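Presented below, as structure tokens, is a lone chain in the form predicted alone.
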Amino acid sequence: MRFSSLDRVLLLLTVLLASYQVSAGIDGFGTLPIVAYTIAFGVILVAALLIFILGMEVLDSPVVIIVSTIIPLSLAVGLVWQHLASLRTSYLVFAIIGFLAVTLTRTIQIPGKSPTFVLAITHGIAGMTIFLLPIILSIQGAVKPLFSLVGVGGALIGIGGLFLSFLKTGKPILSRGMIMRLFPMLLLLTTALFVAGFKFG
């Protein structure tokens, strides 16, 4: 699929925003949240760069499903570690097991619906965490209202991740062409919401 000039601009802006977040946007957090957020935004940065350089065909790589799982899991672990102290260890264990399960079911031929089920559960729990936790914290007054933007970004990245994941499984929610057309804008909007939420929340 050929890039438009607009797609290239959108991807370049995504790279710049993710670079800012990695370099300056996560100061003042604890060690594990900094590591988790750095991984998440680092993956976004590298993904946008690779798409910018190599084109949308890079999304056809079999590692896309695994990589698209790293972002929500890392963000969710960082958020839980910061704001839900009682669930820190259990959520970290879930994230590790979920990532290993997705990796295993995507590198070994497993018949049936097990790989899709593992993927949906892992993405679903991580996505709902990123979506709901910032919004609930904002409503409760535990954080500034604009932190809820992280939740909106979480909803978008969850949708984008599911689109890509089910496309790779051969059961696309939308057509491949539609996903490829929407992806640069979705990636930029998601990254912008995350950066704004962390900075102003």
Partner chain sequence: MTTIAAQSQIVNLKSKIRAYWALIKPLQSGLLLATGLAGYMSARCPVFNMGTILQLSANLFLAIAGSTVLNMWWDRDIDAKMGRTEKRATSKGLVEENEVLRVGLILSVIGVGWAVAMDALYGLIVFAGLFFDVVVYSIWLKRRTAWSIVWGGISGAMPILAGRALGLGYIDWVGVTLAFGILFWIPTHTLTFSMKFAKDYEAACVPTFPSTYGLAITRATIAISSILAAASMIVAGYGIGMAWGFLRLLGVLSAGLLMLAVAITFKPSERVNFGLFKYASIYMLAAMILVVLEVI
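This one's a predicted model, so the numbers in the text were calculated from it and none came from an experiment. Numbering follows the first chain given and starts at 1.
Omitted from view is the form predicted together with the partner chain, to which the following refers.
Engineer: Would you kindly say which of Leu10, Ile179, Val22, Leu193 lies with a heavy atom within 4.5 Å of the partner chain in the model of the complex?
Structural biologist: Filtering the options by heavy-atom distance leaves Val22.
Engineer: Just to confirm, with a 4.5 Å cut-off on non-hydrogen atoms, which of Leu132, Leu32, Ile173, Val46 contacts the partner chain in the model of the complex?
Structural biologist: Exactly one residue meets the criterion: Val46.
Engineer: Consider Gly42 of the chain shown here, and say whether it contacts the partner chain in the model of the complex, taking contact as heavy atoms within 4.5 Å.
Structural biologist: Looking in the model of the complex, residue contacts with the partner chain include Gly42, since a heavy atom lies within 4.5 Å.
Engineer: Are any of the heavy atoms in Leu162 no more than 4.5 Å from a heavy atom of the partner chain in the model of the complex?
Structural biologist: No, Leu162 sits far enough from the partner chain in the model of the complex that none of its heavy atoms falls within 4.5 Å.
Engineer: Is Thr38 a contact residue for the partner chain in the model of the complex, using a 4.5 Å heavy atom cut-off?
Structural biologist: Heavy-atom contact with the partner chain at 4.5 Å: present for Thr38.
Engineer: Taking heavy atoms and a 4.5 Å cut-off, does Ile65 contact the partner chain in the model of the complex?
Structural biologist: Because no heavy atom of Ile65 falls inside 4.5 Å of the partner chain in the model of the complex, the answer is no.
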